[in-house]
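One chain comes next, on its own, written as structure tokens: the form predicted on its own.
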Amino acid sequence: MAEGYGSIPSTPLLKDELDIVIPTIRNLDFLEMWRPFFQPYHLIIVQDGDPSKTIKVPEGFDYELYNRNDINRILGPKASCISFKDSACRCFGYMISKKKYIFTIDDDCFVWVGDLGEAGIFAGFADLLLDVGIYLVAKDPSGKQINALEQHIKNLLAPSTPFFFNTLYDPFREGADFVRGYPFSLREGVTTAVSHGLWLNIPDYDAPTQLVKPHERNTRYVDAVLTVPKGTLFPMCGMNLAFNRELIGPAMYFGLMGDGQPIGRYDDMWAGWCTKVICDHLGLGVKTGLPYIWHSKASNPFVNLKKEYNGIFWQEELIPFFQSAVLSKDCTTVQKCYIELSKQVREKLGKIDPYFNKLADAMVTWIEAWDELNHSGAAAEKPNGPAK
């Protein structure tokens, strides 16, 4: 097996409380690289595209695999809210899970191969290294090897500080604290609902930026975790993301994207904007920064431009909408917040394009389906075939 893996706790953190959700259209060979970190956990694999295709999963993983036939069977008519031919289908995994926490990752995100000099050097040898099974783990500035999943868990288990910015970033990390002048009344912080990780190598750029910077790679490792301040939106990327499903799960709807829809590649953005508005309303925290993963593939910018075209224009109105969104005091649960937000989407965004009326309907359907599958005592739905 490979050398150089970072130390892994003898008892993995939250082993029985966390599901790993992976959307895919291909065999999951990339799991071999993540085996030391992911094998102790339960995986939920959401297969997009042709349901007759067999997805191969390496032996030794505990997983459930759901394809479109399973989604249609389990949700019935409500399956219309789950996107098809788009990674937004991953949110079905959030819905079907019974665990408290979720970590979701794309199948082109790898454990970083470190100690080989600059990132560009690694890129040239990536395929060779994977073929011979050399998987080394990224190191932080202190030389400690990185366990991305463990870092997400630490982010979620430590409080956030959305009401006042700490200039030493996350005061709950080892070696940090609240700086002089930080109000003592706010030092307890709030519960963290979302941990948003970043990427080395291929940045998460939109199509126009990809086109003008085709060779740009992110080689900078910034050793920091920040709380996103209350009232501030951010572009949430779904390829390296963890969240407290019990606290914020119903808000993590990745919208209507892909087949039959006029927009793509805004699924995680939509979920992030909705989630942040609801977290701010309910007094929950969102963190961004560590951990980093290695994003291996740059998607085609011309294909991306076709998907993003409407979104690039629409976001100039979507973002002010979310910045000004106010939820009533009666919205005391995530579901109530989300339903009220759907009404505002219909009222204010429906004027932009009829798509947003359809999306508002899907938001309601999503909540109905979530509640049906997650009511107390609900029987677990079986996937397509036995868990391995």
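Note that residue numbering begins at 1 and tracks the sequence as displayed. This is a predicted model, so every value here is computed, not measured.
Missing here is the form predicted in complex with a small molecule; even so, the following discussion is about that form.
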property: In the predicted bound form, V364 touching the small molecule (heavy atom, 4.5 Å); result: no
property: The small molecule contact in the predicted bound form: E150, any heavy atom under 4.5 Å; result: no
property: is_contact(R35, the small molecule) in the predicted bound form, heavy atom dist at most 4.5 Å; result: no
property: Contact label in the predicted bound form: C89 to the small molecule, heavy atom within 4.5 Å; result: yes
property: Answer option from K230, K99, K154, R265, heavy atom within 4.5 Å of the small molecule in the predicted bound form; result: R265
property: Proximity to the small molecule in the predicted bound form, single hit among D108, E216, E317, D223 (heavy atom within 4.5 Å); result: D108
property: Residue stretch of 270-278, 235-243, 181-189, 154-162 approaching the small molecule in the predicted bound form, non-hydrogen atom distance within 4.5 Å; result: 235-243
